[in-house]
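What follows is a single chain, given as structure tokens, in the form predicted alone.
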């Protein structure tokens, strides 16, 4: 008899805890009309943000909010739309909001977060994406992207159309795939990698991390890579037509195009290499303090 009562009480306690946990979240499902080329600002302190471009002239916000969230603001002023998760000013700890936001695909978006991952897909307009602690992952279709994280990875995938791309992280890796045009990418403690694409102007920098460029320079293009502690790898998709200026203080230089590096001084381990391939209408500048440099083609 007592055993049966204990079992019943245990079931009641589990059900009560489950009910309490469920009530700690608010469900959100709101929609407003929007212009096809809206400008959308999204602010969320903690949780997850997923933005999806669709063919409707509407903005839809779905997801869950912690019970401590004061309000989900969804406002429109002409083409400008604001989505903001309001939390108490003196709240201690994270107040999570996990949002899936569908917006007109031609919109431009600005997403800001503190402790949240940001994922974007299907957006044709400009993107400005920033989080303090979290990863940023986006696709782009030939418009400008500015993406950054203090503590997290940044991953940008394009369709090969030229645009301006800026990416930065303090502690995390940057991976830029199938982009084109102009790229400025910097990491303090992380690797920076470009995979595929034809570029007019590329600047890559890392303090403690490797740099990789696997792509092609347009005629008259410029590629500049700088690292304090890290290896620099350059693999051209086709034979470049460029002037090369390469320097290392403490590291080797491997060059598939022929010339050998020379010592910068008889008293230091530094190496330098300058040469020209083809007409030399593009420029490649490489500098590392502690790390090797490898230059080749496919």
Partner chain sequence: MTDREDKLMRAARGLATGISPARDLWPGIEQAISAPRKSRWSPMLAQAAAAVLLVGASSLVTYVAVKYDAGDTPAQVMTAAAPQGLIFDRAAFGGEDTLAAVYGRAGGNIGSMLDRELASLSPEAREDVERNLAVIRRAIEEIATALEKEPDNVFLQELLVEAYSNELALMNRIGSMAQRVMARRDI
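The model shown is predicted, which means the values in this text are computed figures rather than measured ones. Positions refer to the first chain, counted from 1.
Heads up, the form predicted in complex with its partner chain isn't pictured, but that's what we're talking about next.
Colleague: Give a yes/no on whether residue 140 approaches its partner chain to within 4.5 Å in the predicted bound form, heavy atoms considered.
Modeller: Residue-level check for residue 140: no, no contact with its partner chain.
Colleague: Taking its partner chain as it sits in the predicted bound form, is residue 229 near enough to touch it, meaning that at least one heavy atom pair lies within 4.5 angstroms?
Modeller: Because a heavy atom of residue 229 falls inside 4.5 Å of its partner chain in the predicted bound form, the answer is yes.
Colleague: Using a 4.5 Å heavy atom cut-off, state whether residue 41 contacts its partner chain in the predicted bound form.
Modeller: Answer yes; at least one heavy atom of residue 41 falls within 4.5 Å of its partner chain in the predicted bound form.
Colleague: Counting only non-hydrogen atoms and a 4.5 angstroms cut-off, does residue 112 reach its partner chain in the predicted bound form?
Modeller: Looking in the predicted bound form, residue contacts with its partner chain include residue 112, since a heavy atom lies within 4.5 Å.
Colleague: Want to guess which of 98 to 106, 212 to 220, 193 to 201, 149 to 157 is within 4.5 Å of its partner chain in the predicted bound form, heavy atoms only?
Modeller: This holds for exactly one stretch, 149 to 157.
Colleague: Could you check which residue among 86, 79, 126, 161 gets a heavy atom within 4.5 Å of its partner chain in the predicted bound form?
Modeller: Contact check passes for 86.
Colleague: Exactly one residue in 233, 48, 66, 247 has a non-hydrogen atom within 4.5 Å of its partner chain in the predicted bound form; which is it?
Modeller: Looking at the other structure, the residue within range turns out to be 247.
Colleague: Does any residue in 198 to 226 get within 4.5 Å of its partner chain in the predicted bound form, counting heavy atoms only, and if so which ones?
Modeller: Read in sequence order, the residues that approach its partner chain (within 4.5 Å, in the predicted bound form) are 205, 207, 208, 226.
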